[in-house]
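Quick heads-up: it's one chain on its own, the form predicted alone, in structure tokens.
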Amino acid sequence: MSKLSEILKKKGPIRKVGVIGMGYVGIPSAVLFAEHFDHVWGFQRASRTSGYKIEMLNNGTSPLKGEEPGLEDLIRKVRSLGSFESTSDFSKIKDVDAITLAIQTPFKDKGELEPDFGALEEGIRQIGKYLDEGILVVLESTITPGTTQGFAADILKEESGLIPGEDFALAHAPERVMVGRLIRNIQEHDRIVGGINKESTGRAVELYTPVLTKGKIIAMDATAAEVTKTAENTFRDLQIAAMNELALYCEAMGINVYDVRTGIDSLKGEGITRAVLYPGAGVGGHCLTKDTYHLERGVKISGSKLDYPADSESLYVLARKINDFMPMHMYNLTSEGFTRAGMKFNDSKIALLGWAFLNNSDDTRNTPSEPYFDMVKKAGARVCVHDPYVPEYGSLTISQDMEECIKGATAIVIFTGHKHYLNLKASALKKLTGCPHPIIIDGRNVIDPDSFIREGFVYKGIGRGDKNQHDISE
């Protein structure tokens, strides 16, 4: 029996769990663990920007303001049971049997493939300071392949004096959640679990098995788990980019990309596995906007020679560039709309609908609305931003009153598919604008073009080559 096996046997089953980072991943994970283990600590820094989460969670309320079915009920339940508490006292790590870490891992320089691991390193060092024999450490953050066995293991050893895989267990179990369905995703999605050795993998399997309802555990080594996570997001980004490029083609050829999409998606049968996603105004969020670069960096730091077509750009990086281009395309559509309406950006008002990157969510991370906002402001437009779920964004004022935001606007630009934008009435919006030919740019295909065209709007939509050059109704 190995040293770690003996330590874990003596320690017994997992009873107390810690979760570092009370965000979109950490909160639902912590309260789900709290249903199945004796006690769970939700660790959160008492910082100026995030410290408020501790009190909210301990009062049984969720700091996440988008629609998250079941989350707040579960927070109240585990608080009433006494099995969950949020704290800024990281010294309590020494009392847990397992600790998970879910901290963002953005990039400093995508061109040079340099990630910003500052927050991740700080979290790992906090664990290392209080690490004791037999504790399981799990990185849930999406990370460059090789990080768990390299960067993370080295810091934990440096801080604790303990040897990873011998004195304590270390694993990577990447989160696979989407905002708006956090609880369900954790319970129902298969869980990838990769330890740095057999004992670490086994202990991580023990941690995650109780929270799964439909999902199953898929065990592998740590680096394979890291590649799995970065690759699955890279593939999703690639699929979106394929549809975004097709939308641009359809606009150029004067056809409706949604008709084409329906036709493609109709071919079904054995061996047909294509996933046809949707085009849109841009890709946001923390994961898809940078996980391609983690995958690329993993290859780079592996030290092995990559056999690949000479002088060819990575297919995955090209997909990233296409998706990053879509806010610029929204700007171009807006500019074309202004030209058709005989107006200019300068001193015009634009009503930008949707600041969150995902419909019915308050998640604004890497929102594609922001680069568009900067472009039209630079062109001289006044911009009013509306979002029903986002009350503020730094120094930017975000309106909660859609009618007031649209009043007097020359152009209405839809960036997010919030349910509030699904039943917009052309006649009412035209009256609010006060323009004979207001402009509407649909980045999410949420309105009926014909109803707006009949009211005299200048319509532009992503992938709507069949409508983008319509005659303007008088």
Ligand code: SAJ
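Residue indices: 1-based, along the sequence shown. Quick caveat, the model's predicted, so the values are computed rather than measured.
The protein also exists as the form predicted in complex with the named molecule; that form is not presented, and the subsequent description refers to it.
- Partner proximity in the model of the complex, defined as non-hydrogen atoms within 4.5 angstroms of the named molecule, places exactly one of 199-207, 334-342, 127-135, 283-291 at the interface: 283-291.
- Although the partner is absent from the chain shown here, 177, 278 and 358 each have a heavy atom within 4.5 Å of the named molecule in the model of the complex.
- Using a 4.5 Å cutoff between non-hydrogen atoms, residue 444 counts as a contact of the named molecule in the model of the complex.
- Of the heavy atoms in residue 364, none are within 4.5 Å of the named molecule in the model of the complex.
- Residue contact with the named molecule in the model of the complex: residue 94 places no heavy atom within 4.5 Å of it.
- At least one heavy atom of residue 236 is located within 4.5 Å of the named molecule in the model of the complex.
- Here is the short version: of 240, 250, 113, 153, the single residue with a heavy atom within 4.5 Å of the named molecule in the model of the complex is 240.
- Site annotation in the model of the complex: the residue of 377, 77, 300, 181 reaching within 4.5 Å of the named molecule with a heavy atom is 181.
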